[in-house]
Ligand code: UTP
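In structure tokens, one chain follows: the form predicted on its own.
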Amino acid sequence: MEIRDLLRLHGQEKLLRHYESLPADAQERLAVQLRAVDWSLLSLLGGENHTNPRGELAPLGALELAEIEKDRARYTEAGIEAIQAGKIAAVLLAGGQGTRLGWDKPKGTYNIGITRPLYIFECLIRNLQDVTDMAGRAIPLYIMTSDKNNADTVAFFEEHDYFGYGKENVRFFVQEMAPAVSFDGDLYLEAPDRLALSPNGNGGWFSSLERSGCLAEMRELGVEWLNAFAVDNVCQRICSPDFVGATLLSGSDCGAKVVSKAFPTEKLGVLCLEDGKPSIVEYYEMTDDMITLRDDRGELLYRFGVILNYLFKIESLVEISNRHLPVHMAEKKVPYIDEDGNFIKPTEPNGFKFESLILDMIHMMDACLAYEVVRETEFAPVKNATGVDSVESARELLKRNGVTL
């Protein structure tokens, strides 16, 4: 279909003004993006409620630290066996920039060291190497980047020789993008020949993995489980055998590492039940009762916060991907060019971005094992330059865990 007809079909005639004025090569660049747009997303516009309604929420317990300690040897043995059999792979979600840290490059390239260079990516690779050394076998590592940081991320790993992990054990794939639209449903341009696109949410990692061809490769390798984890937690353990073993032995579709909340109002999503199935309730969705409710031991009923470190069974991921994840519309500030070609950087939300969320992946599973870990040894998120969940706080925890900075 001609681009002009495509734009008219979907009510995007405003873009024709820019398209018609472009040279042929720029027209083709924009045409490639327009042909890739999932136009069904625009059907979500028009409703007053842009969030999917929640079902009936209830607390969900966890395999707690004391229980884990009793069976840690058994869990670890089962996990090592699965790793040695090649059934486990790791997926690092690393599509973001370090903007909030004052670092306009991939977040994983940020140097958290003090007396020596120590990069976020390096911390994660070292943590994974602890497991591969124990198991005596490399674990395939798939790194999800974005259009904006892929080249820099690949170059960084090349420059640092993959921190000794082995180039043959690492694959990169790029997260799919979704268009940003105005509140009236008009596609935004960030340049005359380029749509305003954004990553399709942290739930988009599996569809991106599948489309990249990496999933087919995993199946050829005999991989059955994926440990998906975020880039910004420098202390987290990846593919830890006890966690892997406990999840496999539980018979669950997935496992989630959790920490006990430090205080009731801590800004963590909490693993729970929703209409009888596993789910995650965000901290801003919780009522006062949910925040403060305690059990007969005096413990918070909703206390197990997720740290974005999950183990998923591939068969279950494929099954839910065939059913399609819900798509959420988030109000955002979207930089764009106006009809006269002027670049506008809004100070207030001016449109929607479309995102799928990992919490929906959890909710579509039949069962999820909540696996408690010690926050002082596994939870050091680097979200801010200073203060809570910052470079400063992460450095302190790294020091306590014996890491030389």
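If you superpose the two forms and keep the largest set of C-alpha atoms that fall within 1.5 Å, you have the rigid core. Since the model is a prediction, treat every value here as computed from it, not as a measurement. Don't overthink the numbering: it's just position in the shown sequence, from 1.
There is another form of the same protein, the form predicted in complex with uridine 5'-triphosphate (UTP); it is not shown, and what comes next is about it.
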Which of these stretches, 127-135, 218-226, 239-247, 99-107, has heavy atoms within 4.5 Å of uridine 5'-triphosphate (UTP) in the predicted bound form? 99-107
Can you check whether N200 is within 4.5 Å of uridine 5'-triphosphate (UTP) in the predicted bound form, heavy atom basis? yes
Wondering, does E372 line up within 4.5 Å of uridine 5'-triphosphate (UTP) in the predicted bound form on heavy atoms? no
Does I291 make contact with uridine 5'-triphosphate (UTP) in the predicted bound form, using a 4.5 Å heavy atom cut-off? no
According to a 4.5 angstroms non-hydrogen atom cut-off, is E355 in contact with uridine 5'-triphosphate (UTP) in the predicted bound form? yes
If you check M144, A256, I280, A180 against uridine 5'-triphosphate (UTP) in the predicted bound form, which one has a heavy atom within 4.5 Å? M144
Uridine 5'-triphosphate (UTP) isn't shown here, but in the predicted bound form which of L118, L308, V174, I320 has a heavy atom within 4.5 Å of it? L308
Using a 4.5 Å cut-off on any heavy atom, which residues of 218-240 would contact uridine 5'-triphosphate (UTP) in the predicted bound form? A230, V231, D232
R126: with the rigid core matched between the shown form and the other one, does its Cα shift 2 Å or more? no
Does L101 shift between the shown form and the other one by 2 angstroms or more at the C-alpha, the core having been superposed? yes
Does the distance between the two CA positions of E355 reach 2 Å or more between the shown form and the other one, the core being superposed? yes
